[in-house]
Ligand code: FAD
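Quick setup: one chain, the form predicted alone, written in structure tokens, and binding and motion questions come after.
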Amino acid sequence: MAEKHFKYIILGGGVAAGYAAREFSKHGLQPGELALISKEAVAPYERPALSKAYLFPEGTARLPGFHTCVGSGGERLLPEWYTEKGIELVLSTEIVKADLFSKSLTSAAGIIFKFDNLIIATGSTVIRLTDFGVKGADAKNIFYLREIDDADKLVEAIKAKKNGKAVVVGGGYIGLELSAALKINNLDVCMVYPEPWCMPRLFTADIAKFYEGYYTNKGIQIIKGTVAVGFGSNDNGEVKEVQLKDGRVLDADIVVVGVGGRPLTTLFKGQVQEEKGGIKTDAFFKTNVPDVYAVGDVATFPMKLYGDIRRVEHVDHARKSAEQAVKAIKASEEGKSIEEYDYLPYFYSRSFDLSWQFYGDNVGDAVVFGDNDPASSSHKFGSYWIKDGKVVGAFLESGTPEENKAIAKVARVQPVAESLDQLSKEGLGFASKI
């Protein structure tokens, strides 16, 4: 059985893996010290592009255009970059067994990869309706979006079902972004989700009201408070209808499902401490196993700003946690110390001509400011969240770079708020004073 040994292994091929590789190269690497192992066939790329420009009918994003680390304004790490840096890029390779205590990973082909230091950057996988035994959920043209292969299949279906009917199951990030992308492709789009409003993990009812109104004005049908319980298919095995719990039946040529993800931690069960669905780490992303680190979606880490521990599924945290882990590894080797991870939660999305950013914590009382009329031409509005008399979170739609920086500062500084009415009246003026 073939065996290879590396000083460092990054397990995973997503955003966090690419940023970790770049950080290692910044600190200096000897050829053959680092391997990046991914089950995907391509070098790490900026995953958010898949639900945005990749699906647009014109001027679409394609590789090699969005390899990491171009998403944060950095150098694009093409496959040749890894070769130049002496990094072994091990693609199309699934690891089926991990023994963290003997420091070995075994691939499906039986190759054993030994490591001195491991960064777990396995990310998340999508939750599938077939997991719940939903009738007909294995029909053709029911799509999930996680990897570039998924996006390619969806693009082909969009071309094949020109001007057809699309049903999007789910009202979160993926649901909102994909509904917009499908509409831009001139499909007849219907969104279905069980919650009382879209994006409930982040949006208040007031914020959601704007987006639901805006999407409706764009011709997207929204059905709330029910779920898909079955799918009908034609003689070719392609989906033709979506059966809803409330009894309605929707015609469909394409179905896209976005009902959440789950962190890929199965390989490490019983070997690492877990909490809140992820692998528990310290402020340097070290696990309880010596020389093993976990970053991105799979890590449950100390949120210094709020004095608790959390797991964050977002590209910004994937990038920053990866860099922090590598810095910690290199500092440990040199007998030095680095500062603890002090993360400010950040989320963003783009669809149609909309673009919002959120910073901080969405807890406590919320107040909306600005013009949140879905029919407005400016649609610039936002929200603050106030807890214990302090502003702890801020959201802004259609902000300028300066305005987005201002709301980020508010969330970090947590200034005292006199009253909800005052915040509502001041709006962005409040942020500009901080």
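Throughout, we count residues from 1 along the sequence that is shown. This is a predicted model, so every value here is computed, not measured.
Just so it is clear, the following notes concern the form predicted together with the ligand, a form of the same protein that is not shown.
At a distance of at most 4.5 angstroms from the ligand in the model of the complex, all three residues I37, L264 and E313 contribute at least one non-hydrogen atom. Of the residues given (D361, D253, E177, E212), E177 alone sits with a heavy atom within 4.5 Å of the ligand in the model of the complex. Comment: the ligand is not present in this chain, but in the model of the complex one of T204, S124, N288, S233 has a heavy atom within 4.5 Å of it, namely S124. Within this chain, R146 lines the site of the ligand in the model of the complex, having a heavy atom no more than 4.5 Å away. For the chain shown alone, S51 is a contact residue for the ligand in the model of the complex, at least one non-hydrogen atom being within 4.5 angstroms.
Taking the partner from elsewhere, A411 is found to have every heavy atom lying beyond 4.5 Å of the ligand in the model of the complex.
The ligand in the model of the complex is approached by Y348, whose closest heavy atom lies within 4.5 angstroms of it. Judged by heavy atoms within 4.5 Å of the ligand in the model of the complex, the contact stretch among the candidates 380-388, 38-46, 402-410, 24-32 is 38-46. Contacts between 67-98 and the ligand, taken as any heavy atom within 4.5 Å in the model of the complex, involve T93, E94, I95.
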